[in-house]
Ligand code: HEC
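To begin, one chain is listed below as structure tokens, in the form predicted alone.
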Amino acid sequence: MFKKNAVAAGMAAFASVALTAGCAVADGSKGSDVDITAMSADELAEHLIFETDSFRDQEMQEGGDWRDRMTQDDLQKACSMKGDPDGETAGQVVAMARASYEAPESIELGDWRKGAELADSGYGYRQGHRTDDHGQREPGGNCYNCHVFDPRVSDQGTIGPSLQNYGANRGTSEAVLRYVHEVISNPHQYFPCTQMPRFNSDRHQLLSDEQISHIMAYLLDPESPVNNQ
């Protein structure tokens, strides 16, 4: 999820080819007197995306606007590279993730049934002609998109590891609860530059601590179907 932004990457590639070939690139800025030929490919991409009329500036459900959503933080910038991060970069990413994590006073399991609903739901942060309305429905975790959990669910993803019998194999000790909460909140603490979203971090709060407690229960509670396979 945190690889180089697809829109910015595409614009940078276009800008690089255009500048290298000496092509003229129209500047759509109103009243602009900017010399785009003096820009690097990345600078031109930023200019075309943010300073022209190339996108609508909308408020985001997580707060802020499109510019905030499309602007990478330091962790995302560090992970914007081809292939896996080298050892130095990985260490920097882990350090940034751990510095930004705020542990709750206590970590407890919620309702696994509610967690199953949240794991199944991909609702939450789509923006455009069908903007998700949080006043009508709460966001979900979309966990099935990447993980296998529940034998009752026909379509589950394989991008991430299977989590079948996760709680049955690991138990519900304080150490396990803390680890699972840390991974769901900000997985870069253990898996630098992972594709898994940061569900509750200083960047975004996609899931509340209460929602995370429900998903943790779905994953760890002995009564959950995840642990009865």
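Keep in mind the model is a prediction, meaning the values are calculated, not measured. One rule holds for the numbers: they count along the sequence shown, beginning at 1.
Keep in mind the form predicted together with heme C is missing from the figure; the text below concerns it.
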The stretch from 68-76, 92-100, 124-132, 137-145 that lies within 4.5 Å of heme C in the predicted bound form, judged by heavy atoms, is 137-145
Contact with heme C in the predicted bound form, heavy atom within 4.5 Å, among 52, 195, 165, 58 goes to 195
Next item on the list: Give a yes or no for residue 217: in the predicted bound form, does one of its heavy atoms lie within 4.5 Å of a heavy atom belonging to heme C?
Entry: no
Does residue 184 reach heme C in the predicted bound form, with heavy atoms at most 4.5 Å apart? yes
Using a 4.5 angstroms cut-off on non-hydrogen atoms, would residue 161 count as touching heme C in the predicted bound form? yes
- prompt: How about residue 149: is it within 4.5 Å of heme C in the predicted bound form, going by heavy atoms?
  reply: yes
